[in-house]
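Next up is one chain by itself, shown in structure tokens, the form predicted on its own.
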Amino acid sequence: MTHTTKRIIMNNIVMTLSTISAVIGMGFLFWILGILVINGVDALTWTIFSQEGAPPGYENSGLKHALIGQLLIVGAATVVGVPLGILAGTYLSEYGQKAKLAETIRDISDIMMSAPSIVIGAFVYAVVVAPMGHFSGWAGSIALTIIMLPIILRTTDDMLNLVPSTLREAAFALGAPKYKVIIQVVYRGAKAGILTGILLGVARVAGETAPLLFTSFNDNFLNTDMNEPMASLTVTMYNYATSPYEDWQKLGWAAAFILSMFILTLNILGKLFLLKKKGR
């Protein structure tokens, strides 16, 4: 058997094993999504969106309190985390570049992206919740902001670095100041990638449960005061899904379906923006 024949056989073996592994992985994925869709759609009713939580056995029980709480907590984290992440990424790409401080920030950001979310929740509990003496929606937003920030920071840094330096040089040659070059040239060239990073960051924090258990805790009733414990869809889903009551379990399936579809939509939008950018 020649060396070329051996390589062809080995290549076919590896390709076959890789294909089988991919099919098995996709099979598990569609199995999970199938069960989620079947149980989630079956549990969906209008009362889920119009009614608050109720004790087990009550017909008019819904997830209105959790949906509004989730929007408030994630929305506050997005309002704070997105500008901070974009500005920090801009500093790394346009000002810090290869400086020691910039490299240190990049390293810390990479570490933060791999840090378990429950650790961040415990940290925010120690520095925010414990001194305040009570859980709050603001504490939950702070935890989610810390999780979101390094994702947007690194994405912005990478996307800005992909913008050709010749565009910057051409703008400088026309007499444009640095801030105008960044806003009108660099940001425009990287807007699809930056938006993708924002969507992925929001999708990441929207599905977090552990940090909210330590910070915003939960509330079975509608509350819009961010200074008080606040319901979230993820924690409510966890509580309902693990309860012994069948009606609460159905609400847990509905919450899981709504949350999964929201995160899936954000991820698909992020991929579409990236494909659109590559298509150009």
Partner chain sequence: MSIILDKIFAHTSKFIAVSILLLVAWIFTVLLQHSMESITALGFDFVTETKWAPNLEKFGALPAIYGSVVSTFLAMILAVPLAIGVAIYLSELAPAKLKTPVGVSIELLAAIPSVVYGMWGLFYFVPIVRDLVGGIGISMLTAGIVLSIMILPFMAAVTRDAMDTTPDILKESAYALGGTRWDVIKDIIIPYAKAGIIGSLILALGRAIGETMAVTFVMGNVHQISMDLTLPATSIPVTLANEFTEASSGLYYSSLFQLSLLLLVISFTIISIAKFYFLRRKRVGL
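The term rigid core refers to the most C-alpha atoms you can superpose between the two forms while keeping them within 1.5 Å. Numbering follows the first chain given and starts at 1. Because the structure is a prediction, the values reported are computed rather than measured.
Beyond what is shown, the protein has a form predicted in complex with its partner chain; the following relates to that form.
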item	value
One stretch from 220-228, 57-65, 23-31, 43-51 that, in the predicted bound form, holds residues within 4.5 Å of its partner chain by heavy atom	23-31
One residue of V202, A76, L149, I194 in contact with its partner chain, assessed in the predicted bound form (non-hydrogen atom, 4.5 angstroms)	L149
Contact label in the predicted bound form: S136 to its partner chain, heavy atom within 4.5 Å	no
Any non-hydrogen atom of L272 within 4.5 angstroms of its partner chain in the predicted bound form	no
Interface membership of L71, its partner chain in the predicted bound form, 4.5 Å heavy atom rule	no
4.5 angstroms heavy atom contact with its partner chain in the predicted bound form for M132	no
Within 4.5 Å of its partner chain in the predicted bound form: residues from 104-124 (heavy atom criterion)	T104, I105, R106, D107, I108, S109, D110, I111, M112, M113, S114, A115, P116, I118, V119, I120, A122, F123
Exceeds or equals 2 Å, Cα of G27 between the shown form and the other one, core fit	yes
